[in-house]
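We've got the same protein chain twice here, in two forms, each standing alone as structure tokens: structure 1 and structure 2.
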Structure 1
Amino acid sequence: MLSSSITSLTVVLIVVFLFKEGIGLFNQKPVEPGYVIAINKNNKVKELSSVQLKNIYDQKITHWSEVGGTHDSIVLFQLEDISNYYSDEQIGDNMQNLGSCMSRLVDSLPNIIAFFPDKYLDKKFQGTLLEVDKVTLHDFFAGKEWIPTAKPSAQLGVLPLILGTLWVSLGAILLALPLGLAAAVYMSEIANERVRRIMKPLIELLAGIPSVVYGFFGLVIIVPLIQKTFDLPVGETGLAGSIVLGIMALPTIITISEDAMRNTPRAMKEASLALGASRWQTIYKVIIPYSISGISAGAILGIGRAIGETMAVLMVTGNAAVIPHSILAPVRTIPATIAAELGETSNGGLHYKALFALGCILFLITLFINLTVEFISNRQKHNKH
């Protein structure tokens, strides 16, 4: 009781901490902390979204009329552009006059949009500080760009990462589940005892191989093979990730499914054979339905490993945060994103909270899959009875 209570409490605390950090993302603005975005006081535009701001600085939006202002062209300004407007003498040796220069510049250019540190915001600043919308659920889940370090406004669209994760995981399960189930049937019902004693330890040994070794195997063998077979510019694709993850999930699926099948009562097998059923009819009409709960457990653990795997996927999928339109395109998964970027973030910052929000999504995806498989398993048991 003590052990189960401590374990349950630990899991609850981890989940609470995860969601506490992740939900904090939606209370923040996507602009880098310590910076402001200023416009002329006569500008009609008072608020922009993160996407609009990025498109302005990428020069995809070039006129204020495109965001609800006048028909004038937009004048972009960042701090390094100050030398184009003022001399070093005017700015000062220690940049002591930079604040007043920024104030005069914004006041003198009606079409300007300026991105600069708030420490250079003069007390007599004549412009208007532009409001940027906070990160919303719609922007977060429907956004098509994941560029958390973009300036002046971070792009936190997780749609490419979610689709990449589901794409790779689905491919892995489609490969691993039939092969794993077939291997389990062979080892439990067809192979003789000598073959089983050799194969079972070998299969279980695969589960102990570090994921980075699987990643190297995929990078050296599978990636060039895919590139050559499909005549692709690069072999790091979602298919490579699916194959590697499928191989990694096989030991779990085979071992648990085989143990479940071997626990089928001998009397049920003999009764089926006595009624005239063949060996194969006994396998798929008696043994597999009876052991479906164990097979489901193996599938759950296999799917869990496929979805949560990090290093192997990071090495073979191309690590490209774009929406995949084919299994032969480079993708990026949620676990790989967290592993690659968490070490580069500042504690409590926007990027940090965005990665925790990705962890929340990964948790919910895994929970949904577990509940779905459990529901299917229980339904099949109910129908059987």
Structure 2
Amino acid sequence: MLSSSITSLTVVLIVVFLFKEGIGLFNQKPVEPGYVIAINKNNKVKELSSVQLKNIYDQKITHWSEVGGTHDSIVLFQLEDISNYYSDEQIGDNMQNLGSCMSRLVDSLPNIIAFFPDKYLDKKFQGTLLEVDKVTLHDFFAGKEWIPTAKPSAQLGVLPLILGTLWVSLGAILLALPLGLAAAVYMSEIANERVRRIMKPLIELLAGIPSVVYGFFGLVIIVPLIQKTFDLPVGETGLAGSIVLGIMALPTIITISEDAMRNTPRAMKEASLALGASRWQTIYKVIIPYSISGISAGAILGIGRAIGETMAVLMVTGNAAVIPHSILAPVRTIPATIAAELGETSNGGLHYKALFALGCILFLITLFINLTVEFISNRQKHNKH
């Protein structure tokens, strides 16, 4: 009683912490702290979104007209470019004149956009400082790019990560479900007691192998195999992730489906066989329908494991944060992103908070999955009475 309430309390605290840190993301601007973005004071543009900023610096947007300004082309400026405009003497030995240089530069070039540290912002700066929008829910969920370290503006679109996660998990379940179901049917209906008594613990043992071992296996065997089979430049693909996760989900699917099938009342099986149905007819007409909720619970828990899995996926999927368009493209999942990037972030920073927000998404997905299982198994209990 006491221990279970302590556990629940801990879980609640973790969730609260997770969400508190994650939600903080939406109070932040995606521009690096300590930097400003300045434009000429006559420029009509007053605000840019994070995506627009990035596209400007990637030179995908080259004219002010594309972001609501005049038809002139944009002049990009970063601090390194200062020597193109001013000599070392003008700036001064200790950069003491850099502030006034910046002010003059922005004032003299009507189409400039300048990204520089705010310590070089002169008191009498002759330009407009651009407002960058805060990170919005829309940017976050619909953004197609995840480049949290991009300059001048971090790109925090989680769509590729969510899709990557779902993609890999879906692939895993498509591979694991038929195999797992076949194995469960074999164990519960075909194998004799002796075979079953050997296989059951073996399969349960599979569930206990650390995921890093599966990842290693995937890296050494499956990745090169995929590369060779499909003649790809690299074998680290969504497919490799799906296969490794599928293998990892198998024990769950087999164990739970097998238990469900073995729970089919003997009377049902005998009724079917006594009517001249073959063993296979009995399996797919009586046993599988009867245990369908157990099988779905197994499948969903299997996906649950796949979705939350970190290490193995990190090792074999190639981790490119782009929206996957084929199973043979590298993908990146949410857990892999968190694991790979959290160590590099500064505590409390934008990137850090973005990873916590990712954690929240993962939490919600798994919560949803567990509620579904709960719902299905409740209905199953209900059916039996």
Partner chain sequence: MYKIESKNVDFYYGPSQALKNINIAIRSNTVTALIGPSGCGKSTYLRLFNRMNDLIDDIKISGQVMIDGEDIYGKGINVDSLRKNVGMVFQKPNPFPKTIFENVAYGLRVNGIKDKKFIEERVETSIKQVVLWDEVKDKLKKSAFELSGGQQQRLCIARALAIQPSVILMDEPTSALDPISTAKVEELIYELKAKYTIVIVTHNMQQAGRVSDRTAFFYLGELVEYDETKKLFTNPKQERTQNYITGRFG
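Not measured: the values here are computed from a predicted model. For residue numbers, the reference is structure 1: its sequence is counted from 1. So that the term is clear: the rigid core is the largest set of C-alpha atoms that superpose within 1.5 Å between two forms.
For the form predicted on its own, the corresponding chain is the one labelled structure 1.
Once the rigid core is overlaid between the two structures, Asn263 counts among the residues whose Cα shifts by 2 Å or more. The two forms, fitted on the rigid core, differ between the two structures by less than 2 Å at the CA of Gly157.
Taking the rigid core as fixed, one finds a CA shift for Met199 of 2 Å or more between the two structures. Taking the rigid core as reference, the CA displacement of Pro251 between the two structures comes to 2.9 Å. After superposition on the rigid core, the Cα atom of Ala274 is displaced by 8.3 Å between the two structures.
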